[in-house]
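Taking the form predicted on its own, here's one chain by itself in structure tokens.
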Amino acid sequence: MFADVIVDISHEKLDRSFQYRIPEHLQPKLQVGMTVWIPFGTANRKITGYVINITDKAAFDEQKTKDILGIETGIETIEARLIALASWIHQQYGSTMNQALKTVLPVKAKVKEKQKKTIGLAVSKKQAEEYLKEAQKKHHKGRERLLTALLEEKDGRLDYSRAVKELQVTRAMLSPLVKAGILRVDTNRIYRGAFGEMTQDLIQSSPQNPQIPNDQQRQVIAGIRQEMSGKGRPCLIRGVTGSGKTLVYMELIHKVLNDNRQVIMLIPEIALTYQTVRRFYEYFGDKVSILHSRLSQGERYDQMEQARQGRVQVMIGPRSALFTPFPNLGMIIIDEEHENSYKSETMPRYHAREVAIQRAKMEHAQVVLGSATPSVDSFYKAKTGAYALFHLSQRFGDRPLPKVEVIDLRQELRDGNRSMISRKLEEAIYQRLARKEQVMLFLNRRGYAGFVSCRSCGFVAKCPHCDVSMSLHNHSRLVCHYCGYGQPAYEKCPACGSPFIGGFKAGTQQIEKMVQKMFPQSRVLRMDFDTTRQKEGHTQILEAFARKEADILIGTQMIVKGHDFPDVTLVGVLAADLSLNDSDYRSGERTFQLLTQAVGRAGRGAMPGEAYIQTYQPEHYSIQSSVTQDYEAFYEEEITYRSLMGYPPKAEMLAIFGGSLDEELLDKGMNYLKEFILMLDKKRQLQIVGPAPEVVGKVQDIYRRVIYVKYRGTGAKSRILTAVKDRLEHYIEINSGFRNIAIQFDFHV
């Protein structure tokens, strides 16, 4: 038996492993992730390394392969635990071990530590004054300036860069004083902040106690604590919008920190706002840090280092924060656990929920999931007892849920209203503006227009590199939202020459123009991908709205994700059923979740809320359930549909994605994979769909195909579908025809 060992996990050395023979007496003990002692280099230095793979195949001449010297039996390192987690991801999701390591240990390149140098007195002030007099006598002007400045400082210290710039201090001037023991130069590491422009406001905030939990919240907290000391099952909190799940999280975090353990809290990237961070900072102070995609590499590196060293105890962030190197992890909280952003779309295609549960199992930590609209997968596991289920059925402070009304856009059209805003919603907006209340208008799109088409022949302007329509943006340009390709808009149809070519005007920019024209007295903000490109874009818009610098906020999904604006009393959903038309079996679930979250933004303060849902399909069960915010009714309809159609969680499904620049080669390879699966399926337990083009069949000139493999048995993924994935990986490895085809695996459970 042989072990692949890495000796440096800090930078790009993850790509470089070394193979060693495993002595027989170590074979029963050795596991992936363990720290081992190995001979290294020509001098056979004894160093430590981490085992990343165990195999019976020698990578090169066995005679030249050195033996592992022993297993490190001291304290298990956080690196060892994370490498073991990477091994689980590698096996579970069909990525390479290197891909899994780079996901779990995100250390792409060495980041230079930020340091601060200071000059300080190494003697008493009285002695320094004597040295100053001597410098004055000898007309040493530079020493005189420096000593005078140091004596004027209360702590007798000066910033080195300031001394060089303002006092013109040179190394030649400083060295004799340091050698003589009069001065000293200190270098301290400075950790880059994670809060950006929030920093000063947060520093001025002193930690304080949160609100007192109500009876229902106390019951949930007690139930989860009992689960922590018992079975330790993942806990799912289903709490209506505004029910105070965050307060429950804070109380649980407080308990974990009192036990000298650390907490990771995952929230969707777009919900990671100043509002959220400040609430945690006010309670936990500088024990809290955050991770997000707009941190620089240096800022991110420093947050991870502070966690590793115990300088922070709570890490808040999106999916990637799951791999924070806490040495004594006690709890992982996943807020808004239904969010799609917790699923990786690149290899390895892991789901943060499943990886969190595995990490918690390995580190004896607790997982807590929370949502007003839990994923059907999680609620099914709660119903079957795999998760512990807790309910928060009332809004905090006994505030009522918003009153919701459905507007049938088909009837609006028949009545002659061609606007994107129905007459009832228009009247409600007028009323709110008159009362100085705020309004949120939600549209599940971005850009100036959805697509450009010819009214005469039906031509649709598509990207030449991706199989998707392009959108019309300002400045009369067509833009592809997949690869970024752009070109001038058409003046005439290139297919038939008709001048009647234009955009389907349902983008956020178009809505903004319409609202400004309809309500000229109102102040309008727009929040979408285009207006939040800058580093602090999200924060600036949301903070301006919170300060009531705008009356109406128009936006895409990012405006309805966990934000709390007490003066918002009206929410208008302008095109509720756009997401129902996705070619995805979860489209009904996503529509219900989105609408419920959207209407839940209304009436979170002292004033009652109201919401209007505009739709072309008012009879759809997802829309009807969101009106009453009846999750149970939606779930029963949805789980029946999943059962009839054989979709997760009632069945288990493996997706096999293929991509290649050569379309003919790709089709040939995917068909070979299908035939191989049919050969493996001796008992005919599997249902195979495809191969077929993905929803977007070509991106950046790469053709894309997918095969779905479904199995309706119970407890099967770990056995049947994983076995299929393993056999396919071996088949791909030994067949050279797949060298120009990228294959990825994704489990749906």
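Just so it is clear, the model here is predicted, and its values are computed rather than measured. From 1 onward, residues are counted along the sequence shown.
Not pictured, yet referred to below: the form predicted together with ligand ADP.
Ligand ADP in the predicted complex is not approached by Val524, whose heavy atoms all lie more than 4.5 angstroms from it.
The shortest heavy atom separation between Arg294 and ligand ADP in the predicted complex exceeds 4.5 Å.
Gln629 falls outside the set of residues with a heavy atom inside 4.5 Å of ligand ADP in the predicted complex. Proximity of Gly330 to ligand ADP in the predicted complex: non-hydrogen atoms within 4.5 Å are absent; the residue sits far from the partner. Among the residues Ser660, Gln303, Ser422, Ser243, the one placing a heavy atom within 4.5 Å of ligand ADP in the predicted complex is Ser243. With the partner omitted here, the residue from Leu247, Ala489, Leu665, Cys493 that has a non-hydrogen atom within 4.5 angstroms of ligand ADP in the predicted complex is Leu247.
In plain terms, the part of the chain that comes close to ligand ADP in the predicted complex, with a heavy atom within 4.5 Å, is 234 to 242 out of 234 to 242, 164 to 172, 319 to 327, 588 to 596.
For the partner-free chain shown, just Arg604 of 595 to 615 comes within 4.5 angstroms of ligand ADP in the predicted complex, judged by any non-hydrogen atom.
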